Structure formats: structure tokens, C-alpha cells
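Coming up is one lone chain in C-alpha cells, specifically the form predicted on its own.
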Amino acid sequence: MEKFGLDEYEVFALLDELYAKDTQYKQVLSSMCTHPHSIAVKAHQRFISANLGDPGLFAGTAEIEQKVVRLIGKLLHGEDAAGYLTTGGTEGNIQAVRAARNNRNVKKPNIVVSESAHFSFDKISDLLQIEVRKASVDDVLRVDVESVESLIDKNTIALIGIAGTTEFGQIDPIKELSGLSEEHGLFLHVDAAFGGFVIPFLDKHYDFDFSLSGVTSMVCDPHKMGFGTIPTGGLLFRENDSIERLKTETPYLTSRTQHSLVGTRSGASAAAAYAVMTHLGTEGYKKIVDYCMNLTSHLVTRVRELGIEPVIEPVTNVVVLNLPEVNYVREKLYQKGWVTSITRKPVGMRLIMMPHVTETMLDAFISDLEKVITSTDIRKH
């Protein structure tokens, strides 16, 4: 830090120079985040100094947080669910597994997840010193329930289901996992960080939420398809008893206890989520999901004209293309400005049809993709 500061113009000149280095969403096909809704931005700015870590000082903001929890709960058929707003799916997954661990007196606890689960569960293994057992997937990349059951033993504290997998957008058979969890008396956590604001609005019905009696907790992120500001995640428990397993004494704050992982928390994110959810309503979200699924259908139709097949038929607005020399193709597309990502197993090019994607943008991408895959370079590669 210099002795004398810069004026506002000079500061923003520096910031603009750095902002220009950020990748703009206009050619991003790899992100599960998007531009927040304008009303979310306005609400975020209004509550920018609110700290949910000290709810007695920010009583109105704390009330907003609980309103958001109830709105998410209603969306996920858990009107009486208890919870709080997190920084995102990773924190929510950590806290859910922590609650499951604290609920059982097991010396060497383990959880069972799909091999397609988010990498946050590897962090959980390290942070909480819990063994993470990875079940195999079926031919459409949903977790195999028989594989899950084969991994359960006396030290298993929780099963994990994914509703909208990060890599493929697939939905695990949560109904079957719910039955399995009840049969074995286990905690069932559903990671719907991405799918929570997608699956309820799909034309096809899926059982994946608190409507299933075996589901104990869920994560659902407003900062993804919910159009909230970053970071805003949601962690919900079916019963208040589960969240009480996370209680920490906070003697020098206006509240005597906390249940969150972090101390200082953004009240602005809560206000943004509340603003956009009350503004859009379920009909607004339905239109957004329909738009994204139409883009998904358009993409699959167009690439099939080029002889390219998706790895699985898309379930949500995530498409993974089965491409030869996929890393080479991605690099060539990146040189043209397109940002895509890659899956682990099976390997494919991962494309997410978020609301910032337009049909014109998608057609331009497909045109560039066709040029790359038909070029002499790739035939020689």
C-alpha cells in the first residue's frame, strides 16, 4: 500500500484493466453460473454491509435469510425445513456430512457417494477425516443402487445422491436411495446445488427432494440457475434436530449460537436471492428452464447433423459430446474464444446451456466446431 492513495478515477482505471482479463460470459459454455438478475444486483448493493454472522445487529436481514430458506424449502417440498444460506454447494455438502457424523457415534465413519459426485466430497474426506466410498454408475451415468448397498457397513453414516451431476447433469435414482437409507437407518443427503432450480421446472417429473421420506438434507444454490449473486448457496434439513448438530456457542455476539461453517456471512447474498425469487416466481423460473432446455435440444439436433452424439441423452441443460481428440478440439475452439470443459469418465466435451447463452451464440459455436472437426489438422492429429 502506498503512503498516499489514488483518486477514484485512477482506482477504477486499474480495476477496469484487470476486469478486462476476466473471461466474459458471451463465449463461456462451461460454467454453471451466469449473470445474476438485475433485481438481484440491486438488492445485493442495498444490503452490502449486512452481516448474517451477527443476526441480532441485522435482524431484518436475518429474517430475509429465513424467508429464502422457506422459499427454497417450498420449491423442494420441504415447507418446514430448517437451514441457512451458505457460500455454495461445497460448504453445504461439508455441513450436511458434518451433521450426519455428529449424529452418530462412529469411530471410523464412512459415506457412500457416486463416482460421478462433485470433488467437494474429496475435500470432505480430508477435512472431516471420513472415508468416502465411491459407488459405480450405470450405463446412463446414474449411481448404481446395488453398488451403493454393497458399500454400506456398520460404520456408514450417510448416503449421498446427486440431483444434477456437475459433469453430466444426470439425476441419481433418489427414490431408490431414499428407500435404501430408510432400510438401513442412514442419513440421506441430496446434492442439488445445480439441479435444485432446474428439476422442479422440467416437463418430466423426477422424485428427488423432501417429498421422499428418506431424504434428510439438501443443498440448492441460488447463485446457479436461481439467478442470484455469487456466492449464495442453500443448505436445508428436513428436521431442526439435524441442524442442531452443527451448533456452536458464540458468547460475544448478539446471538448465543451459530450453525454455519463460516462466521461472517453476506447478508447481501440473502437479499439478492429473496429479491429474484419473489420477483420471478415459479412461472418465471419455468420460462427460464424451458429456454435453457430448448437450447439444449437445439444443440443436440445440430451436432447430430455433424455426426456427433452426446454421451447420454441430456436430462438437464448439460450436454456432453462424444468427440475424438477432444482435448485437441477444445484447444482449437479456445483459440477462437470458446470456453468449454471436459469430463473425467467417460471423457467428453461438457457444454452447459445457461441463460446467458443465445441461439445465435450457439450457432456460431457449432459453426466453429464443424470447422475444427472437419479440418485437415484434426485428421492429421
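For clarity, every value in this text was computed on a predicted model and none was experimentally measured. We number the residues from 1 along the sequence you see.
This next part talks about the form predicted in complex with a small molecule, which is not shown.
The shortest heavy atom separation between Phe208 and the small molecule in the model of the complex exceeds 4.5 Å. Among heavy atoms of Ile162, some come within 4.5 Å of the small molecule in the model of the complex. In the model of the complex, the small molecule lies within 4.5 Å of some heavy atom of Phe194. For the chain shown alone, Val326 is not a contact residue for the small molecule in the model of the complex, no non-hydrogen atom being within 4.5 angstroms. The three marked residues, Thr296, Pro314 and Thr316, fail to reach the small molecule in the model of the complex, with no heavy atom of any inside 4.5 Å.
Considering the small molecule in the model of the complex, the lone stretch of 112-120, 245-253, 133-141, 178-186 in range is 112-120 [heavy atom distance within 4.5 Å].
This chain is drawn without the small molecule; in the model of the complex, the residue among Thr216, Ser266, Thr156, Thr90 with a heavy atom within 4.5 Å of it is Thr90. The contact with the small molecule in the model of the complex, taken as any heavy atom within 4.5 Å, belongs to Met32 out of Ile39, Ile342, Met32, Val339.
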